[in-house]
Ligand SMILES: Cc1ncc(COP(=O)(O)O)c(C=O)c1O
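The chain below stands alone and is given as structure tokens, in the form predicted alone.
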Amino acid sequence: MKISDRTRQVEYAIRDIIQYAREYQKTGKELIYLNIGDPVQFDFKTPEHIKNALINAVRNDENYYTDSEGLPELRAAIKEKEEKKGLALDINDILVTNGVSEGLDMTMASIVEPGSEILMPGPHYPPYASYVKFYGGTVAEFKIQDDGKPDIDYLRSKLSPKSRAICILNPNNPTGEVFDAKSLQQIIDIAAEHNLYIICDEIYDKIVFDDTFSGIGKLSKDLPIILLNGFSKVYLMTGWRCGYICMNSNCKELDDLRVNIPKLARVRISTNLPVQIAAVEALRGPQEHIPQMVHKLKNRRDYIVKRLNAINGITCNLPRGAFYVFPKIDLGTRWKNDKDFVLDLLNNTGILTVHGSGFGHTFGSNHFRIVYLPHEEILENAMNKMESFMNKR
């Protein structure tokens, strides 16, 4: 019996690393999870008004299939949100999905053909590369400079006749970098010049610390911009799996996609109706939890970056959004590569992180990703253990 080669090559380092943690767990020693960006597993809880909306929907027997494209009321609320950020939308340009991951899957399934090339920042969130490869395409990474801005000359050098789209993750996972309006405009200009789709993931759009967030919508004009967003991070609904795709209404070149991508939504019938009803409440209800969450995260970011930069053999840039840091390791002769480092760290300290090469070998190697969602006491314990571990060099 055989399976397809496309399935064999799927990787997701963030969860693949857990198999090693399960082995460590058998020792009975303490395990510190710093690998998965799930705020709800820590001290960030889904707001009560959102939970109540879900519970009431279930109790009111709103448990049936809804429109494949999404609950009309939710699509209207999404339109309101994204239009405030500048993107021109009609309700028919919006498709509700089971998390951003399904939206990404549907998008790549619709635009990638065997031999297509998709450009994305290095490093990048692993499913972007996995979906491209799954549908027969290849990934071309472009460099992000030390100041967090894209290297435009490098990006141009990666273009080819096979290029189909440029992906932007803003803020970025795993680095926490945030592109400013100028950087976004430069990328958009290149995409327009070469007739490329622009796929922009803004799932962390309200988790920005030091600057005002620049949404790509304000720069979209009549260009083929496909926006991905969702409710997992900002609205603390990770396990509920609700996201969406938006397609720029002003772009006629997206008409073919507008007609065909909903076919994929119909095949999987619909997304969870009670969760969609709660998502309406998330967008239109109280928003007080967001600044409170951002303030708490900023304090944890400042602490973790300060501690990491004080450890011999580790350097760490200051992220400006999301809740990740992406430190660089001096491997020396002690470790063969970044995955070897991550596993050695796990087996000696119980700290579970993710190897940087899992986010793209070209620019992720010799790094590792840490999630700084846990409470300060947990982070302090982790940093103390990491410091002792590194001092054994």
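Residue numbers run from 1 along the displayed sequence. No experiment lies behind these values; they were computed from the predicted model shown.
Beyond what is shown, the protein has a form predicted together with the ligand; the following relates to that form.
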**Item:** Residue contact check: Ser270 to the ligand in the model of the complex, 4.5 Å heavy atom
**Value:** no
**Message:** in the model of the complex, is there a heavy atom of the ligand that lies within 4.5 Å of any heavy atom of Arg241, even though the partner is absent here?
**Reply:** yes
**Request:** Would you check, heavy atoms only and a 4.5 Å threshold, whether Phe142 touches the ligand in the model of the complex?
**Result:** no
**Asked** Within a 4.5 Å heavy atom cut-off, is Ser232 in contact with the ligand in the model of the complex?
**Response** yes
**Request:** Quick one: find which of 294-302, 281-289, 155-163, 98-106 has residues within 4.5 Å of the ligand in the model of the complex by heavy atom distance.
**Result:** 98-106
**Complete:** Contact with the ligand in the model of the complex, heavy atom within 4.5 Å, among Glu177, Glu82, Asp93, Asp201 goes to Asp201
**Prompt:** Which residues, if any, of 303-337 lie within 4.5 Å of the ligand in the model of the complex when only heavy atoms count?
**Reply:** Tyr324
